[in-house]
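Take a look at this single chain, the form predicted alone, given in structure tokens.
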């Protein structure tokens, strides 16, 4: 049974990450005077802003980076947090929805590709726990892979949560179009959410469609040193 769009307004959900922990995914890529700093991590938006500068100073000290990186790292983190906080308090769509999550990443020598469906309305979901189980099932030994998988999931969920806010705002401004219809949030990548109950029943969370197991079976490859060097050289050229 489809849920009327009007139902979302009777029971609005305020913006937050659709996960058990409301964490902001932050990705940094900063270069100063030929030195480059790359990192990806999550941040609690409720933490005091003073923690940002302390983190930047500690990072620069630990990695022996030039002092100029302190300001750039702090400003980049604060910019991410400001973007996140700009959506707080605004309505976002909810309902029995699932969205496709795609993994295509390399961590050191490990290459991971996968696709599965994630319940956007499950605010108790845990990307870190999913990543831990994934690495265990796939016998991945590199301890850096799990956090990278969890981060990739959080980035995509964050993108779709923002789209949910934008679409809810647009719907309120227009009396035409979607009234009485079903909302389907669309990510920047063009992935359209589908009706969870219609396809899989009421108890689904993270799922793989059985008929697509052969198509979306997880792929994990271990790359040689030569392959890693070639990929890193290509990434460096693209960055330049």
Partner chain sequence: MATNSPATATPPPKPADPPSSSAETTPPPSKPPQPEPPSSDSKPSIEPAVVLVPSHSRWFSLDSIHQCEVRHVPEFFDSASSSSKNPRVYKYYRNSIVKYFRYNPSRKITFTDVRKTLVGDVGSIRRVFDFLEAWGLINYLPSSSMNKPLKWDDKDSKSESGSNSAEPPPPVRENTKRICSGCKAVCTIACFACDKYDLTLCARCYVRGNYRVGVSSSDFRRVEISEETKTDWSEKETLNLLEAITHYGDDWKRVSQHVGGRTEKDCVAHFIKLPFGDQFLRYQDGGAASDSANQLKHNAVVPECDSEAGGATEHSKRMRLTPLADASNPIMAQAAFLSALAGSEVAYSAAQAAVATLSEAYKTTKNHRSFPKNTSLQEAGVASNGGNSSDSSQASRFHANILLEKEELDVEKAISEIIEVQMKDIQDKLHRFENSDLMIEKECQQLEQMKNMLFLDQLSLLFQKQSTPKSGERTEGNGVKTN
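All figures in this text were calculated on a predicted structure; none of them were measured in a lab. Numbering follows the first chain given and starts at 1.
In what follows, reference is made to the form predicted in complex with the partner chain, a form of this protein that is not presented.
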Have a look at 112 to 120, 98 to 106, 138 to 146, 80 to 88 and name the one stretch with heavy atoms inside 4.5 Å of the partner chain in the model of the complex. 138 to 146
Taking 4.5 angstroms as the cut-off for heavy atoms, does residue 27 touch the partner chain in the model of the complex? no
Given that the partner is absent here, does residue 128 sit within 4.5 Å of the partner chain in the model of the complex, heavy atoms only? yes
For residue 35, is any heavy atom within 4.5 Å of the partner chain in the model of the complex, or not? no
How about residue 23: is it within 4.5 Å of the partner chain in the model of the complex, going by heavy atoms? yes
Tell me whether 76, 162 and 169, taken together, all sit within 4.5 Å of the partner chain in the model of the complex, counting heavy atoms only. no
Looking in the model of the complex, the residues of 33 to 70 with a heavy atom no more than 4.5 Å from the partner chain, listed in order, are 37, 39, 40, 41, 42, 43, 44, 47, 51, 54, 55, 58, 59, 61, 62, 63
